[in-house]
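One chain comes next, on its own, written out as structure tokens in the form predicted on its own.
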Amino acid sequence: MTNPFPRDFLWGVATAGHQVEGNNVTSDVWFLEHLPGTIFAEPSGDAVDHYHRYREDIALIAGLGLTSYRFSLEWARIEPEEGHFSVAELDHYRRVLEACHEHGLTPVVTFHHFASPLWLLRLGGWEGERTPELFARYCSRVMTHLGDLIGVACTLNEPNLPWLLASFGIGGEAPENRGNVPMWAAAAERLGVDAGTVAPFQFCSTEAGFHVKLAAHKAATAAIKAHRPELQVGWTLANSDIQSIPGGEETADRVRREVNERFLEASRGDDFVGIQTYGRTVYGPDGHAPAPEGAPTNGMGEEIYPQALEATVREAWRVAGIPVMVTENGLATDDDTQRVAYLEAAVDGVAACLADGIDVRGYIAWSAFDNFEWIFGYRPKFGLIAVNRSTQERTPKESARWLGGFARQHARAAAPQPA
């Protein structure tokens, strides 16, 4: 196959503010981590101190040969109390953006990556009727201060993930049942609200949540475009490759519709859709099917299936009908040889999509660093760069060198742009 990657194809790695910055103390996720009965394995704490070490981290990423860096802004830092915006925090993120440009990295900026200000949770979180307008106001304020430096804008990260998590029994409680869950009951008591109104982004999978998230995405897109109409704006979706074995077809079709297709249909009219895929989810007559006998697995027993990315990119192109950007893709493993093989196979799938005329704008691996992985804590290792959290020393892995070398090689031999 000739090199199908266009000259402006983005090669990068990704982080999320709460997972790497540390001490995001005015956020709802920090609040949930410290509650009695929390489902978080451990608190995020200092994370990998990217908040203070961003300059050397960005230099390290650029030095690998990559061309983009996807990171998120923390709404809870920028608007720690409703209506009060921190110029100091906006200036901090401006310096992060300037560092990206100094090192030749296109900043792919996510305006919301799971964590919200704690005050929003008191107002009903991601089922609250005011949330779309409040999120749009925040996006507008960000654009006023930072908009000239943003390369690509992502409004919401993985609004569909809660529906996929719920299929595995994580979250997904109906409002009337939340008071029976220790974490939600403790949150409601601390906040002085009814447990049925506690709806953080990452665990909100009601129909009300779907409509609030969609309205927030549309309102945020309009707010961003009001400042820079030419800026490419989309949201990023957690799309597993949904498959079935005999007896599981009906379940697979329902989950595919609920998790993937309706969010892709809602993406029509956007500039692009971000696709974030890690593997496949297979359904049988009894629900989730185990990995096939003899299938390769990582250290946690999960199937390694990089072919899923090509399938979800093709699904996005078919259903949404807009350009696609791979905004996350990676493997949780302590064995970096597995990660290299996974990345190579996944990128081959992207190349096949491009060769077939699918408009794919970039490949951004998850994640830049071994970092805080939400309810699972620090155990899963997705990073292309290892971090010693006792010393905060960074050590690039072979997978980082592989991806950077691949990016350099294909940038030199890039396909010409269409006329």
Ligand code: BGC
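Here the structure is a predicted model, which means the values were calculated and not measured. Just count from 1 along the sequence shown to find any residue number.
The form predicted together with beta-D-glucopyranose exists for this protein as well; it is not shown, and the discussion that follows is about that form.
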Checklist line | Among 93-101, 242-250, 111-119, 180-188, the region lying within 4.5 Å of beta-D-glucopyranose in the predicted bound form by heavy atom distance | finding: 111-119
Notebook entry, point to check: Which of D270, E158, E310, E261 has a heavy atom within 4.5 Å of beta-D-glucopyranose in the predicted bound form?
Noted result: E158
Notebook entry, point to check: Which listed residue (E42, D49, E373, D359) meets the criterion of a heavy atom within 4.5 Å of beta-D-glucopyranose in the predicted bound form?
Noted result: E373
Next item on the list: Mark W75 yes when one of its heavy atoms lies within 4.5 Å of a heavy atom of beta-D-glucopyranose in the predicted bound form, and no otherwise.
Entry: no
Check: Could you tell me if E315 has a non-hydrogen atom within 4.5 Å of beta-D-glucopyranose in the predicted bound form?
Finding: no
Next item on the list: Spell out, yes or no, whether the shortest heavy atom distance between Y54 and beta-D-glucopyranose in the predicted bound form is within 4.5 Å.
Entry: no
Notebook entry, point to check: Does the 4.5 Å heavy atom contact test between Y278 and beta-D-glucopyranose in the predicted bound form come out positive?
Noted result: yes
Margin query: Using a 4.5 Å heavy atom cutoff, which residues in 18-37 contact beta-D-glucopyranose in the predicted bound form? It's fine if the answer is none.
Written below: Q19
